[in-house]
Ligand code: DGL
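Here we start with a single chain on its own, the form predicted alone, put down as structure tokens.
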């Protein structure tokens, strides 16, 4: 595999661009390919079988385009499909799952909230991870039903979104959590909306920066890190409308290419 080949990234929609931003910030000369499977968003309410099918489809598309590594920028796809993907395809995979460990280790109230999709919270991998900390920590799991819908439309300040957040955060506040873990790559886009609802001492944790560091480490281990300081190709493909992608990536407008493709 050529080190100048692109990093492939896929998500159930636009949310994984929060991961892409961290990857691009850390490795600004890497070429990237991003698939937004918005036509099938969210993955969180789909069956495990369907999540695996979609994850394989996305993987094969990225491999066809020459990806040297694949970042599964979706908590639900990671927790339900990544072990199967690693077994089936001969390319490194980077997953994303809720950052329970750092929240549990840093918590002083011994109470941590996790906002995630049904697919993530119901997965075997999530239960295995959370089980390591649930003896000492009170973990408040809340399904963020409906949140991805608003984020996919770019409606980050919609009154109904804020109303949903109030109801989802209430049990966490009642349990006196001091950390809230975002268990969906879409959710970093609503951090400001969450911060309007919670007290300032509560820390919000997402996995973006850690995923970027892990991606770089695996590229280095496999001698696949791009050492050339050329202008990178930054390509984004969506199988639905592209207006939300354009909006969320507006600061990179002059650097990126966004296309609508059927896949």
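Residue numbers count along the first chain shown, from 1. Given the structure is predicted, the values throughout are model-derived calculations rather than measurements.
Keep in mind the form predicted together with the named molecule is missing from the figure; the text below concerns it.
Heavy atoms of residue 112 never reach within 4.5 Å of the named molecule in the predicted complex, leaving it off the interface.
Taking non-hydrogen atoms only, residue 71 never approaches the named molecule to within 4.5 angstroms in the predicted complex.
Mapping the unseen interface onto this chain, residue 181 falls outside it, with no heavy atom inside 4.5 Å of the named molecule in the predicted complex.
Within 4.5 Å of some heavy atom of the named molecule in the predicted complex lies at least one heavy atom of residue 148.
Per the 4.5 Å heavy atom criterion, the named molecule in the predicted complex is contacted by stretch 182-190, the sole one of 182-190, 100-108, 128-136, 166-174. Heavy atoms closer than or equal to 4.5 Å to the named molecule in the predicted complex belong, across 104-125, to the residues 117, 120, ordered by sequence position.
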